[in-house]
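In the form predicted on its own, a lone chain appears below as structure tokens.
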Amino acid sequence: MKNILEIENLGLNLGSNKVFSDVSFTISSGEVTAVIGPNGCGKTSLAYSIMGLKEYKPEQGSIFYKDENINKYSIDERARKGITLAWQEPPRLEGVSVRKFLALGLESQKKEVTEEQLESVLKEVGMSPHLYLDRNIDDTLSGGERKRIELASILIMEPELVILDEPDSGVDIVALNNIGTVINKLKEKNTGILMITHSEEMLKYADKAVLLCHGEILKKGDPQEISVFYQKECRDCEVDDYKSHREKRQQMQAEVKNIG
């Protein structure tokens, strides 16, 4: 499989705080790469950097999408090239109907929108079209419902690279199954997927995993092996000093080598 995304020695500071550094990995088309790690290790910030959010501009390293360096591209430019981010907390859009929201993705690509397409993607995420198409995306919808609608919008756009930030956050078991269905559908369409998660359930859908520890990669490889190590060995760190974080990470890295 051909790499669709290559991250090389990426580093990010937010103010005086070092969020992550020297992060390198690749994602191939039709492949799911999971990034896991404890709270505060830089997972979501990494996702935002790849998507191109203005406040998350890397200080070092490169992001290559389809062999093109996209470091200087805006979030809109990256979206037009086929990169999509599904937020951990899906947006509330007052006055915007589900129908309009789903159609926007195709309209931005100058593609025709049909009623059949809209109904089909809602059914894919377990939602009845006649109950939801004309509802607004506001507080009358639960977080889980908004998340499934966002996943439906991704399905209809057919992006080449999708970033899923904690896709199972705040959803029930039914929605979890819908998320798995969407991931498999995207893989069938050869979409590359970067999944930010700490869920063992979500890791079942990953082809490979990256473990972040204090802003640096501790381990890469088989998702289940990394999950076992993460559950047994990793803890949220109470130390705020980055140098101390780095020393602890190096100590754990040595332990990983001894284990493997």
Partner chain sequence: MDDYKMMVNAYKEAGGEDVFSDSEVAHVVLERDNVLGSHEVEGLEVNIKKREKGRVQVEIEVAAAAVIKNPVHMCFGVLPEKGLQIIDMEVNIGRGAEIEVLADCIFPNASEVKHIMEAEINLAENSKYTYRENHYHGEEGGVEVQAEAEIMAAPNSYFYSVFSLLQGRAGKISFDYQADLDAHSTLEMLARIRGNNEDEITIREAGVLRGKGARGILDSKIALQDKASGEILNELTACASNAQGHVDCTEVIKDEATARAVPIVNVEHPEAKITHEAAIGSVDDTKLQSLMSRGLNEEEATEVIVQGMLKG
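Numbering follows the first chain given and starts at 1. As the structure is a computational prediction, the values presented were derived from the model and not from experiment.
Unshown form predicted in complex with its partner chain; subsequent notes refer to it.
This chain is displayed without its partner chain, yet in the model of the complex the stretch 94-102 from 124-132, 111-119, 179-187, 94-102 comes within 4.5 Å of it by heavy atoms. Contact with its partner chain in the model of the complex, defined as a heavy atom within 4.5 Å, holds for exactly one of 67, 201, 55, 59, namely 55.
Shown alone here, residue 80 lies within 4.5 Å of its partner chain in the model of the complex, counting heavy atoms only. When contacts are judged by a 4.5 Å heavy atom cut-off, residue 141 does not count as touching its partner chain in the model of the complex. Its partner chain in the model of the complex comes within 4.5 Å of a heavy atom belonging to residue 150. Within 4.5 Å of some heavy atom of its partner chain in the model of the complex lies at least one heavy atom of residue 87. Contact annotation for the candidate site: 34, 41 and 194 all lie away from its partner chain in the model of the complex (no heavy atom within 4.5 Å).
If you take 61-78 and check each residue for a heavy atom within 4.5 Å of its partner chain in the model of the complex, you get 75, 76, in sequence order.
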